[in-house]
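Here you get one chain, nothing else, as structure tokens; it is the form predicted on its own.
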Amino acid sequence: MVVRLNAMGVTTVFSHTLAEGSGFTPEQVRKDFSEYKIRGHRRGGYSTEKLLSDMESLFKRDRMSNVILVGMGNLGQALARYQQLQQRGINIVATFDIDPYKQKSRTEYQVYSMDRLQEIVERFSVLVAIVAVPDISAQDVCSQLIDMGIRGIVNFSPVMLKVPEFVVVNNVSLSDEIESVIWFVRSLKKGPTLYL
């Protein structure tokens, strides 16, 4: 929300505006900001530029984070081309796939064989991987990544990965997200009935 406001030329924002956009109370917004030493002015609100800077520092977005992407099917290719990752400080340093054809094809990104995984992880100090492989190979890929030092995985594969407690996994299911929206839309009590 702050990014949007700043892009629209808004220079200050009040806690009640941030609360409306986030679903929290203005008091909670102020309390959370205060806890992280993000300061505003009682009559002037928060500077959007300063707020962005403070939040980027807090979430460590003020420096690039190197990640790797394993699985270069349609979803993997779309993720590799997704421009907003770079804008958010996420740098995909290498992509991997077991398909020799994908490794040899000339595209805007280099696709490596899994044999080069350890070398790339060490060279770029990678701790996070994006996994977009079929369900049949997801757990094997996950275990291999953990053995090579990966400590965070964004999992687009349609399986729940088994990992040690020191590894963070974020499971992303596009179909679950779409089904969730459909369910909420069908459950709406207000307005005209929607047929999907």
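The term rigid core refers to the most C-alpha atoms you can superpose between the two forms while keeping them within 1.5 Å. Numbers for residues come from their place in the sequence shown, where the first is 1. As the structure is a prediction and not an experimental result, all values here were calculated from the model.
Omitted from view is the form predicted in complex with the DNA, to which the following refers.
Contact annotation for Ser137: none of its heavy atoms lies within 4.5 Å of the DNA in the model of the complex. At least one heavy atom of Glu27 is located within 4.5 Å of the DNA in the model of the complex. At a distance threshold of 4.5 angstroms between non-hydrogen atoms, Arg43 is in contact with the DNA in the model of the complex. In the model of the complex, the DNA sits within 4.5 Å of a heavy atom belonging to Ser34.
Interface residue among Ile150, Val67, Val163, Ile38 relative to the DNA in the model of the complex, by the heavy atom within 4.5 Å criterion: Ile38. This chain is displayed without the DNA, yet in the model of the complex the stretch 43-51 from 43-51, 166-174, 153-161, 127-135 comes within 4.5 Å of it by heavy atoms. Core-superposed comparison between the shown form and the other one: the Cα of Ala19 travels 2 Å or more.
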